[in-house]
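Before any questions on binding or motion, here is one chain by itself as structure tokens, the form predicted on its own.
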């Protein structure tokens, strides 16, 4: 497929040119969809073992090429090289797990006489059938892992895939698929649709050939996809405003380590980053005194130095985060550390005395800023957590496990972490958000199920 239009990509940290990707037209999307529609029926008739072996070869190629892919990934999204390498290896592990777990998925058998008035002469069997063409839309922040988390389950369940990577991150996505092609992927089974959202964004999600959409990205785009795509199955992983509720300071070193890494890992550009702290007023000064010197230990700089905080993905993102910080300061927040900026690099910033009238108490920054919100009671912390439009994850830190287990089910989130930071993994754990944080459940087994349907075969005996 030829294109006359290309998009040039630049490194966020240096502004060096990295390469180009095709800017697909709607006509080219039509061609991709036709090809994807034509190839999945034959693929669905292959054995699960055949599909599993393809995925195993894919993962082996990723491990072999991990250093090169990680170098590209690190440049493309300004992520520390060490973390980029871990992402590639984690992705290979994920693909292997998908390849194995699908082999363990069995259907069910039913007897007619299990229901009142039923007959023993009627039996039924269920099995997992493919959906058809899966549209996989991945974000910039984990361009390899979150792409493979969609593509691998789709392929194992007998589907074809149209892969729409985020523009910044698309080169890493291309490298991911190249390793799959080299593994022996049938032609046109996975196709990459890159381009400008203004041209193909709406068009691709409401295309009549699409049978399922798996999307990771912003709330606004997720809502639009839902509106345009109608009734086809969809799984969305959207934003978060994950809170850490601090009940006591009995394990200060562990607490500080989890809060710092949870808030500032990859510059806070994670949906599961800790984005606000609720701390009881009697221990708030102590917590601030513990966190402030730890902020100075956060490594900052360029991706190749393996810094925790690097330049953000673009200037617009930096502008947004800076706006949240400025708003908080104007309304009385105290800057304990940071609030320094150079272009799209923002120093890790710790704010204290943040109040509910400040934007940073509610809006997702996707950047290196952590607000401390002082509360008078656990009840206030629960209320403020649940008033958020988001409901992805939360963390509770404390020594009284009975108190923690009493609080956890009252938090309106998909996952509650006890004495640990909010995070996505391990990849086989169910992963879901409520409210504006998403729709549907991911995680290896859940993703396999969401990209298939149960088909019944009913046997009528004489």
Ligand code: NAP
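Numbering follows the first chain given and starts at 1. Because the structure is predicted, anything quoted here is derived from the model rather than measured.
Same protein, other form: the form predicted in complex with the named molecule, not shown, and the subject of what follows.
Inset, instruction - Flag this candidate site as yes only if 195, 240 and 271 all have a heavy atom within 4.5 Å of the named molecule in the predicted bound form; otherwise mark no. - result: Every residue of the spot touches the named molecule in the predicted bound form.
Legend entry - Non-hydrogen atom contact residue 85 with the named molecule in the predicted bound form at 4.5 angstroms: Result no; residue 85 lies far from the named molecule in the predicted bound form.
Inset, instruction - Give a yes or no for residue 97: in the predicted bound form, does one of its heavy atoms lie within 4.5 Å of a heavy atom belonging to the named molecule? - result: No, residue 97 sits far enough from the named molecule in the predicted bound form that none of its heavy atoms falls within 4.5 Å.
Inset, instruction - Would you check, heavy atoms only and a 4.5 Å threshold, whether residue 201 touches the named molecule in the predicted bound form? - result: The answer is yes: residue 201 has a heavy atom within 4.5 Å of the named molecule.
Legend entry - residue 260: touches the named molecule in the predicted bound form, heavy atom cutoff 4.5 angstroms: Residue-level check for residue 260: no, no contact with the named molecule.
Legend entry - Answer option from 132, 217, 338, 112, heavy atom within 4.5 Å of the named molecule in the predicted bound form: Among 132, 217, 338, 112, a heavy atom within 4.5 Å of the named molecule in the predicted bound form occurs only for 217.
Inset, instruction - Work out which of 146, 152, 312, 370 lies within 4.5 Å of the named molecule in the predicted bound form, going by heavy atoms. - result: It is 146 that has a heavy atom within 4.5 Å of the partner.
Inset, instruction - Would you point out which of 338-346, 287-295, 224-232, 318-326 contains residues with a non-hydrogen atom within 4.5 Å of the named molecule in the predicted bound form? - result: Of the options given, it is 224-232.
Legend entry - Neighbours of the named molecule in the predicted bound form among 136-165 [non-hydrogen atom within 4.5 angstroms]: 137, 138, 139, 140, 141, 146, 164, 165 sit within 4.5 Å of the partner.
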